[in-house]
Structure formats: C-alpha cells, structure tokens
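Presented below, as structure tokens, is a lone chain in the form predicted on its own.
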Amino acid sequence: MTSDAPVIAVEGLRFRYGGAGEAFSLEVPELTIGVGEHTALIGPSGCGKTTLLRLLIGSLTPDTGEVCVLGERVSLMGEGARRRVRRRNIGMVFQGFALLDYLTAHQNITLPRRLDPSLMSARDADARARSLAERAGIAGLLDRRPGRLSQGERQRVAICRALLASPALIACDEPTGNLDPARSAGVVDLIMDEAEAIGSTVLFVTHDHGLLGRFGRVVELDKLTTMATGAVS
C-alpha cells in the first residue's frame, strides 16, 4: 500500500442475495474512505448498512465490482486471504459483542494474537490488553468470563479486543445499539480516543444521530446506493 492510498476504495459494487420475492440488492457506484478519517455510516433500518460493512471488510464478496482495503483487492481474494487481511488490519466491534463464553475477559481481548501469533508476542499482547482494560475501566474484571459481566462491561471487552493489535481500520457495527445514552457516549469516547492515539481510520455504522457530531464525515447509505426489492440489516 502506498502512503496516499485510501483505506477503503469501492467501485461499481453490486451485491444481491435472497430468493424470488425476497431478493435484496445493493449497488454502490463509488466510495472512498481515507487514512485517518472517522466516518459514520447511517441510513434507515433495513437499507443494508451491515451488509455494506461486511462487504467492505471482506466477510462478504460482491457479485460485481471492486473492493480494496489498504490497497489490497479483497473482492478478488479467497476466504483465507480475506481472513488474513481482516486479522492483520481490521478491528471489528460487533453489536452482539461476539465474545467466547468459555474464555475470560483477558483471553477474549487477546484472542486476535491467539489466532495469529505473528501479530505480536504473547508478552506484548498481555501488556496491551491490560493497558486497554485500564482505560476502559474493566481492569479488575479480566479474570471473569462474559456470563459474569454486565452488558456494558462485555461491550468494553469487545472493544478492547478490536483494538488489541492497533488496527489500521476500526469497523463498528451498531456497537451502541443496545446501550443507554451515557454508555453509548462512553463507548464512542473509548473507540475515538484510541483511534486518535494509534492513527486508525474509523467506520462506524449507527442509527443514533446524537453521535454524529463525533465524526468528521457522515455517509448516508440511502443517498449513496441504489436498492432493488427487499430489506436487510
């Protein structure tokens, strides 16, 4: 990747799934997200925000068109190669947390290193996890499993996991969707403060317009795309 290459570049993206009568299609003629940009992706429920996010990070592939992440054409890669791009470059924050119940909070946070030891040493992963947990206010909870954590605490574990390897891109799928306003603000503060510290680009899917003032750019999906029949996340 050259220093002036965008983090995400989309051209002529088309994606469709579902059977007859329930088909959903999404078209994005063009989208570019630059290095260090903090972008909120908004739009009506069912317009395809989560689908687009999954296309952008390579967990879905378009039917036609091109998606580049950090200069790599992920839309042409196989699943294994796309998974490596995600592990090494993207920190993903899910609305449903996606924590592993049989692991402690510390083990969940350091999971990216367990999956790909080339990311960092075990010692560095431990130090980074403890530093993130301290800033997130969960340093005293690292030995607990998710079942013994509150909703807000589980969300902060998930955010720390996404930030562990100081990813170039932090991709967030409605991470505040189930939180009250005060906790939502805290989640955004944690993500944005860490992104500033490590120079990460942020792409944040949300329906909460009260958060938009924290972002330098807002992309309205229903104005960016054309849709056929159906609705989806």
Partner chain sequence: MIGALGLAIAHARANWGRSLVLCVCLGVVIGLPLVTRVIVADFGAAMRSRAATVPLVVGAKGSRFDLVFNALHFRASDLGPLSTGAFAEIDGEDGVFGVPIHARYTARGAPVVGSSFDYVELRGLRVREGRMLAALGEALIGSRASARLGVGAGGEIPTDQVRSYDITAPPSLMLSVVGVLEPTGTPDDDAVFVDLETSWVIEGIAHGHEAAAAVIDPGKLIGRSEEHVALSGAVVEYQRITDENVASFHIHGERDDLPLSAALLFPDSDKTRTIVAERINATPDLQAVEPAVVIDDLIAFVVRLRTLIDAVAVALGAVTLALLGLIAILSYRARMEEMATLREIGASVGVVRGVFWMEFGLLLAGGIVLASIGAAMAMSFGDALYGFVL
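Just so it is clear, the structure is predicted and the values come from calculations on it, not from any experiment. Positions refer to the first chain, counted from 1.
Omitted here: the form predicted in complex with the partner chain. The next part is about that form.
K.L.:
Whether L100 contacts the partner chain in the predicted bound form should be assessed with a 4.5 Å heavy atom distance threshold; does it?
P.N.:
Yes - in the predicted bound form, heavy atoms of L100 and the partner chain come within 4.5 Å of each other.
K.L.:
With the cut-off set at 4.5 Å between non-hydrogen atoms, does M92 touch the partner chain in the predicted bound form?
P.N.:
Judged by the heavy-atom cut-off of 4.5 Å, M92 is in contact with the partner chain in the predicted bound form.
K.L.:
Using heavy atoms and a 4.5 Å limit, would one call R144 a contact residue for the partner chain in the predicted bound form?
P.N.:
Answer no; every heavy atom of R144 is more than 4.5 Å from the partner chain in the predicted bound form.
K.L.:
Test of understanding: in the predicted bound form, would A122 fall inside 4.5 Å of the partner chain by heavy atoms?
P.N.:
No.
K.L.:
Among the candidate residues I191, L203, I57, A165, which is the single one with a non-hydrogen atom no more than 4.5 Å from the partner chain in the predicted bound form?
P.N.:
In short, I57.
K.L.:
So the partner chain isn't shown here. In the predicted bound form, which residue out of M77, A133, L149, L111 has a non-hydrogen atom within 4.5 Å of it?
P.N.:
When the partner chain is considered in the predicted bound form, the option within 4.5 Å is L111.
K.L.:
Partner absent here, but in the predicted bound form, which of 67-75, 149-157, 92-100, 134-142 has residues with a heavy atom within 4.5 Å of the partner chain?
P.N.:
The contacting stretch here is 92-100.
K.L.:
For the heavy atom contacts within 4.5 Å of the partner chain in the predicted bound form, list the residues of 148-185 involved, in sequence order.
P.N.:
Going through 148-185 in order - heavy atoms within 4.5 Å of the partner chain in the predicted bound form - there is one hit, R161.
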